[in-house]
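One chain is shown next in structure tokens, namely the form predicted on its own.
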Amino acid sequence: MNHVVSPLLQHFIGGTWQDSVSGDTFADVNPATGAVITHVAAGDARDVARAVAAAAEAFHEGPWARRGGAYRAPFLERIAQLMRAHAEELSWLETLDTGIPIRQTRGQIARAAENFRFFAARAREMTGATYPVPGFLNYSLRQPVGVAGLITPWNTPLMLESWKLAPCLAAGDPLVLKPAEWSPLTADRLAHLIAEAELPVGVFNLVHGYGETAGASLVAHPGVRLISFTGETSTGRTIMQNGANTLKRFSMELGGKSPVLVFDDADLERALDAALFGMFTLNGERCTAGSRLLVQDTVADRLVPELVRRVGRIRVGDPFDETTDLGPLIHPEHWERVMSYVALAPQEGARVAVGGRRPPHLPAGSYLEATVLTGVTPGMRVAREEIFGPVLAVMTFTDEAEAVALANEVDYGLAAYVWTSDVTRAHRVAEALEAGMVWVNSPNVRDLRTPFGGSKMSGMGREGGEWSFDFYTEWKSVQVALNPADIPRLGL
């Protein structure tokens, strides 16, 4: 079923839909066809200033920050209900905009709604702490920080937006959302649903635009106290530099080059299933993708040929086809970037074992076959740099020490995956890996209660569960004297 897309996506500022002050727009392109889907208001510093002013007024004058989590929770529950009611439409829009197969976007939309439901419950439970001592009652409480700027990426945009929006709203911070310009459709639709949920005016604001204009203006604005960003490491570095003058607090989820370590005592069939799932779903455009497969040399001759065979059978095609496994990459510019790495691999001495081409039956759109690179060595760029597409680099190791060294040799440290039947080895390796998250004998299964984030160049800070509130709230300590306290008397 097709749904209607507005011919112009506007900003949502202070409870009203608005064009850009400049009147400028940009085109949103269908990655499967290259055709223009719609046009989008291109925000700049003036639009950001209006949105920040609306959010600041909501923070200082409205009920959102002043009243507790029990007041805010029903609004989040209402958003979750509306998302579930419109799940098929949201999934259709996400697939249209990103090229992610419709079977997979349905799961992402369900997770996005669950994020709002989860943080609605956490809003009710959010509390402080008391420290009674003789003569005093000391307590600490959480309070909203202020206006938050949320800058979100183009891969699985709605789900990743919900990871930021839900805890930010639950904590009581009004916000300005700047979605990625390559995938604005579901952010626009979510804004309509949030408007239907009737949050107080100014609590939620949406400004579309390019990172260099709208995003940079949001980061630099002195009225913004928090920036939560998900995206490339180089962009994150620039954001931190631009926000340093106003001492903003940052939460950064950046790039990754996550390893999958397969030891010779692992369940190889399950390890292969998980490696394929983690790399080639979501079109390979997944921050936690296991893009480096490290296989113990004693089982490489069994595992790698079967990997190549199965990757060659991954179905690439129309993302609205229920049988499609791999859709088009998000944008022609990104397709060119990923293809440059595929072309680089043989120059570095690796081999394109399967894939690496535009599928012959798909002459239009940003399509790329699922690709496996073998003969990869640690010093190659394809082994060290984030490609962010359906390209898997395969390496071998001899023992546990070499496996850990290979896994840790890159600049990134977001996620890692370990496959072994030796429980003591599993714990040793998990502890030794330089990664913010490790899954053992499992693909990426998200537990919303646990901290999410990376180490090294993969970011800073943690979100998820109570860790989200550590970012989106400020601790305040209050000391109350129950009896006259001793006060040294000076100047007598």
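Residues carry their position along the shown sequence, with the first being 1. Quantities reported herein were computed from a predicted structural model and do not represent experimental measurements.
Below, we turn to the form predicted together with a small molecule, even though it does not appear here.
Remark: of stretches 395 to 403, 108 to 116, 174 to 182, 353 to 361, the one touching the small molecule in the predicted complex is 174 to 182 (heavy atom within 4.5 Å). A single residue from the set 140, 81, 235, 246 has any heavy atom within 4.5 angstroms of the small molecule in the predicted complex; that residue is 235.
Screening 413, 319, 153, 146 for any heavy atom within 4.5 Å of the small molecule in the predicted complex leaves a single hit, 153. Within this chain, residue 296 is remote from the site of the small molecule in the predicted complex, having no heavy atom within 4.5 Å. At the 4.5 Å threshold, heavy atoms of residue 64 stay clear of the small molecule in the predicted complex, well away from it.
For the chain shown alone, residue 417 is not a contact residue for the small molecule in the predicted complex, no non-hydrogen atom being within 4.5 angstroms. In the predicted complex, no heavy atom of residue 280 sits within 4.5 Å of the small molecule.
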